[in-house]
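Next up is one chain by itself, shown in structure tokens, the form predicted alone.
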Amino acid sequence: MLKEERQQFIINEVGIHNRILLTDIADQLNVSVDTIRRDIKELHAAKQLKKVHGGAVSLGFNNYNPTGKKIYSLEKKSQIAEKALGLIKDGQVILLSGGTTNLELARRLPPKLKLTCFTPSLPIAVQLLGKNNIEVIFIGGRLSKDSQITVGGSAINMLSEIKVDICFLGTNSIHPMEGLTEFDWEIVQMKKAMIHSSRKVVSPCISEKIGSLQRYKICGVEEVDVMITELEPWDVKLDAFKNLNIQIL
């Protein structure tokens, strides 16, 4: 694989999953970790991504107010956010995890809609501050600098004391047999706690994440009530989910 092809693969992976690990990309491309480290250093210098310890994150993922051109597949994520709005009713209590799709949903929440919104995501909390009818309750704890969400015992304990109407669970990877997976162990524990604190779990994800796998499991597909993609529900890419007792939007 040429250097340009390799770096384009890295840009695509960071766009789809928001964050990548050096070791995972090196394994996928069958090259050394040092080679991927050099690629990421160059892409960071070219402002294609942000280099972090052990890997890289997307520019939109690591920014309070990302511009549209920095968010991967913004049009698809906007379509998902519009579908998600149809699930939210006046007076509900909702939970928004992190991620750029949920950030777009937060941005699109109508100003007149009265909600209570719990979130461990700093960018989402900031986004919601301008909406006067939404009560924002920040789930406190140790702040992950890479993902900009709180993690750890304090945040998980707070989640154990609530039961929200709907959780919009930011989705890194989803597979019909293996379920929802992540590469960050602490975020996995947070998402498990979010599922347990919710009456309904919604997985918003762009179709490029379907069939992908990370190293740590969050839950099986059977624990998700609704999956939202930019596709039409009858698209063949969603066929594997149609007999799994999950609503597809």
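The numbering used is simple: start at 1 and walk along the sequence shown. Heads up, when I say rigid core I mean the largest set of C-alphas that superpose within 1.5 Å between the two forms. Keep in mind the model is a prediction, meaning the values are calculated, not measured.
What follows is about the form predicted together with the DNA, which we do not show.
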property: The single option of Arg37, Lys200, Lys217, His196 touching the DNA in the predicted complex, heavy atom within 4.5 Å; result: Arg37
property: Close approach of Gly54 to the DNA in the predicted complex, 4.5 Å, heavy atom; result: yes
property: In the predicted complex, Val31 touching the DNA (heavy atom, 4.5 Å); result: yes
property: Contact test in the predicted complex: Asn12 vs the DNA, heavy atoms, 4.5 Å; result: no
property: Contact label in the predicted complex: Leu22 to the DNA, heavy atom within 4.5 Å; result: yes
property: Among 206-214, 220-228, 183-191, 37-45, the region lying within 4.5 Å of the DNA in the predicted complex by heavy atom distance; result: 37-45
property: Threshold 2 Å Cα movement between the shown form and the other one at Ile20, rigid core reference; result: yes
property: Rigid core superposed: Ile10 CA moves 2 Å or more between the shown form and the other one; result: yes
property: Direction of C-alpha distance change in the predicted complex, Thr171 to Asp39 (at least 3 Å); result: farther
